[in-house]
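The chain that follows stands alone, in the form predicted on its own, written as structure tokens.
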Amino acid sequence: MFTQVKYWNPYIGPFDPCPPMRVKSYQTPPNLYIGFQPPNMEQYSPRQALHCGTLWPAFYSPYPSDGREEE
């Protein structure tokens, strides 16, 4: 399944001074998955495009409002 949020398990050393974070995540931009812009792509209305920051829904990447990655 396609998702813009990726997860990984970092190495946890036996002498790490901080509590371990067992799973970390990061977000990838949608343009990584589209090699070129195909013709006749679906478009947002002008008002929605200003709200989303892009004219094309395929390039929209929402960011979590609290600074954490969404699942």
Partner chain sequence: MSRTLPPEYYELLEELQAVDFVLVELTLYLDTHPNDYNAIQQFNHFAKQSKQLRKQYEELYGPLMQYGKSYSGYPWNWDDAPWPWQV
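Numbering follows the first chain given and starts at 1. Nothing here was measured: the structure is a model prediction, and the numbers come from that model.
Missing here is the form predicted in complex with its partner chain; even so, the following discussion is about that form.
Residue contact with its partner chain in the model of the complex: residue 47 places a heavy atom within 4.5 Å of it. Shown alone here, residue 60 lies farther than 4.5 Å from its partner chain in the model of the complex, counting heavy atoms only. At the 4.5 Å threshold, heavy atoms of residue 53 reach its partner chain in the model of the complex.
Taking the partner from elsewhere, residue 31 is found to have every heavy atom lying beyond 4.5 Å of its partner chain in the model of the complex. Using a 4.5 Å cut-off on any heavy atom, the residues of 16 to 37 that reach its partner chain in the model of the complex are, in sequence order, 36, 37.
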